[in-house]
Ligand code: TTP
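Encoded as structure tokens, the following chain is the form predicted on its own, with no partner shown.
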């Protein structure tokens, strides 16, 4: 891999192979404007060459080059008519995006200056004026401005940083300290915008429109006052950017760093002038890969060139991506206050020197579990899905997840499940571990959710709790995971007034159906009887649901049951008749204790899809979660037994209803029979006064 990647580098410039080796460390960041970029790039190349990191970066570079070549080939295939069409599309989208421009709001983006390093310097004044980085030899979280002059920056391995700056001082990370100072800054932000957006521990977006109007102050004066208040409250400095939208405000806050501010006037001419010569990498959302593609394929290096190459962007990118690029070219960003969103997940991760020491890995996992638990308890959240993120020594990223039946938030519970996920991957050399909790117990309405609670969709699909028909479907139970009848519209053919239905068992807890998963069908004769849709017939065994109109049961493939038999058999339920017709019923009864009957373990195995996900409720439990899987199986088994008991009670009530209905019908037939006899005797006495019925029909036909 290394040799193959080095060949194009040598052909480009054999004397300077590092020039074709692009990394994130050579891009300008605040405080790095005067850095010798070629020197930094050469040292990074020499220090990385031959390492796992170098191989991983070469793979990325190869992928980027292939993507650029493919997009160039697609560009070459575009005809003049194609380009004319896409240019029209781009022009139309530009007009539509221009119409959304809002210059009425004033947004301020505040960014703390080298936050982690500044906190450490505040805590230890002896570090002031000396090159310092927060982190270690494996990875740097941030560096102060004295270290940035040497090319040292965040996300750089410490051994490379030490090569660039031999006098560099490393300070270990202390997130509790950083969180404390972050809370102090946020108390200041709330005075200017109670609904401010916290982008991270050290930056936030504030809508200061109302404050400027109420206090009759300019945006620059408010920014200056806010920065002073932050310094008084924390002893730290920050930089601010003011603009008509959040996109431009973030760019402006980086212009006069550190401890400065920049105000972009709220008029279109000022915005277009500002954006015209702005490098695309300054825009949030455009990273190294996107920058290389836009530059390598289209020759786009500034935001203004986005509009000039709009036709190509619309031709080769998706609608959303093209709109984003065109918005950047126009300097149009979001100005509305985002709606309050409930947190979807909470996560943290730590990078360290690659190691396969299980004791050290367990220690890191324990620290992450404690931090995750503290964060969740601070917000009053509990979660069900825990995800473990691993980055190997070769920079391969893996993720493993488990979904619990119960919500958890304690350190012990998180660590217990995380250890099981990690042990399933060991032995392994790792350089990063992360934990993420999601699937929280707080829904959009703020109420706690129950993982076992049925949703409204369950009742719409399978019927309501009373068992009555819903949307032309009838159900004897509300658990959609149980076996049920299904009517295939394509196979629902009507031949000689007979309907054919198919039944498929999907219940892994039914031992009688584990060994017989074939489809079975039966015919219902429309001429032989009529069934009232509002009356469900009792079903026994695993057949708990009826989801098709007029469908009342299931028999083996070679057995047909006439509906008239069901209607006339008062004391003989359909489920009993179906069971008596099964040729394998006696065999199964006699062999219940034989090896052929699936064991509890076999049924439990059948419960899991791909040996990982529950086929009934979707909960994810890896195979090494033995106790949890057994508990989960027992839960579904108990639920099924409870449901069967409820169904038996319902069946008894239905049988009584059918008996009462048949008794009432019999009495009505008896009354009608008596009345017909009386009328017959009267007609015989008065036969001379009435015309025969044949005569009536003959005369009626003559009228037509």
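Keep in mind it's a predicted model, so treat the numbers as computed, not measured. Residue numbers count along the first chain shown, from 1.
Beyond what is shown, the protein has a form predicted together with this ligand; the following relates to that form.
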Check your understanding: Which one of these stretches, 142-150, 267-275, 98-106, 290-298, sits within 4.5 Å of this ligand in the predicted complex when only heavy atoms are counted?
Key -> 142-150
**Study point:** in the predicted complex, the residue from 304, 120, 193, 111 that sits within 4.5 Å of this ligand by heavy atoms
**Key:** 111
Check your understanding: Which listed residue (440, 312, 324, 115) meets the criterion of a heavy atom within 4.5 Å of this ligand in the predicted complex?
Key -> 115
Point to revise | 4.5 Å heavy atom contact, residue 163 to this ligand in the predicted complex | key: no
Exercise for review: Would you check, heavy atoms only and a 4.5 Å threshold, whether residue 154 touches this ligand in the predicted complex?
Suggested key: yes
Exercise for review: Report yes if any heavy atom of residue 411 sits within 4.5 Å of a heavy atom of this ligand in the predicted complex; otherwise report no.
Suggested key: no
Exercise for review: With heavy atoms only and a cut-off of 4.5 Å, decide whether residue 202 touches this ligand in the predicted complex.
Suggested key: yes
Review point. Thinking of 316, 633 and 636 as the candidate spot, does this ligand come within 4.5 Å of a heavy atom on all of them in the predicted complex?
Key: no
